[in-house]
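To begin, one chain is listed below as structure tokens, in the form predicted alone.
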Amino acid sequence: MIDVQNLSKDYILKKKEPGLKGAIKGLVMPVRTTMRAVNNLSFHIDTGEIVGFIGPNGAGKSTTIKMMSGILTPTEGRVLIDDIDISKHRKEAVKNIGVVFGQRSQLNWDLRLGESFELLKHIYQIDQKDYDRTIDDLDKILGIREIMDKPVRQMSLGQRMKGDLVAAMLHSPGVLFLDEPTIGLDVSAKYALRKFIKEINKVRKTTVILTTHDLGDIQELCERIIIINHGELMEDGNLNEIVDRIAPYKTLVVEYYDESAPEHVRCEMTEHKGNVAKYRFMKKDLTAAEIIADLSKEKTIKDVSIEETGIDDIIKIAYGT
């Protein structure tokens, strides 16, 4: 479905010295440096996969997504969508691609939502019957008809995200790129987005590539993750296997009735503030229930919870970022 082959992207930066003298020098004798944002990436994604594409800020995620979706042209390498080179045959390839950027909307702010959809229908040359059927299908998932007559500029962030998702799927693409789609969304909006992704993947076999910093998105949706850092491929494989290998522990958070806390248990106390203590334990060696049982012998427990290792934590642990 998607083949990324030796993909690289360079940016040419102009170095400017301070002050008027520096500005004039920059015009006459500019100093240019090359920054490599993506370096020799290669991977394959099969039809119907939902892949989490993650990494720290500045890792090259968005640049890679933009090259994969035809927005940017790679410096080296190529991206094949159904064996079509997107750089050489962009118009043909993008007919099978939908893109949603969490901080940028493709909707027209001066139109009602339904009018934005009609405009896109003409741009993509979608048959009226196919358009009506797609709207009906997506309305069942997102409840989009209730806001079709609302001006885009008057919509909440969650409503605009629903609109962007429908806009990206109007032409029934086989591939959907989602770049940080849950930024700023509340719990109900995130739930609607995750439900949407699951449904289109299940019913339409849509291939989804998702970039996000939200661990909940990854855990709910992705079996496979690709991690990049400094523009290079670091990990590619099953989510649970990678997490267990890189961060094979959990943290038990225990609240007591007073500020004293047992330290001598079968795992490490990593933090103690007030009446709350945190204990880190290896998942293969112990369970939370066993630690709670040990602690209960020493002191009465008020409440407990489990902290899972976050995606950002995994990246920091693995690569020292």
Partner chain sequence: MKKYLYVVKTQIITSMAYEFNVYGNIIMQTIIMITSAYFWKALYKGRDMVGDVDADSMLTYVIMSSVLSVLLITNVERRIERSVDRGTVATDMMKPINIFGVYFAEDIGNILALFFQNMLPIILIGSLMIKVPAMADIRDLPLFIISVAESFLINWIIAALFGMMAFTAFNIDALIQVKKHLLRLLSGSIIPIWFFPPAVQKVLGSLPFVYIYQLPLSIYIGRGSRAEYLSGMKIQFLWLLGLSAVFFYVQSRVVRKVMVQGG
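Positions refer to the first chain, counted from 1. Note that the coordinates shown come from a computational prediction; the quantities given were computed from them, not determined experimentally.
The next section is about a form of this same protein that is not shown, the form predicted together with its partner chain.
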{"property": "Option touching its partner chain, based on a heavy atom within 4.5 Å in the predicted bound form, out of Ile135, Ile97, Leu142, Ile246", "result": "Ile97"}
{"property": "In the predicted bound form, segment of 204-212, 71-79, 186-194, 155-163 with a heavy atom within 4.5 Å of its partner chain", "result": "71-79"}
{"property": "Candidate site Asp110, Glu115 and Gln125: all three near its partner chain in the predicted bound form by heavy atom within 4.5 Å", "result": "yes"}
{"property": "Partner proximity in the predicted bound form: Ser105 to its partner chain, non-hydrogen atom cutoff 4.5 Å", "result": "yes"}
{"property": "Contact flag, Ile84 vs its partner chain in the predicted bound form, heavy atom cut 4.5 Å", "result": "no"}
{"property": "Distance check, Lys278 to its partner chain in the predicted bound form, heavy atom within 4.5 Å", "result": "no"}
{"property": "Non-hydrogen atom contact Leu120 with its partner chain in the predicted bound form at 4.5 angstroms", "result": "yes"}
{"property": "Within 1-20, the residues that have a heavy atom no more than 4.5 Å from its partner chain in the predicted bound form", "result": "Lys9, Tyr11"}
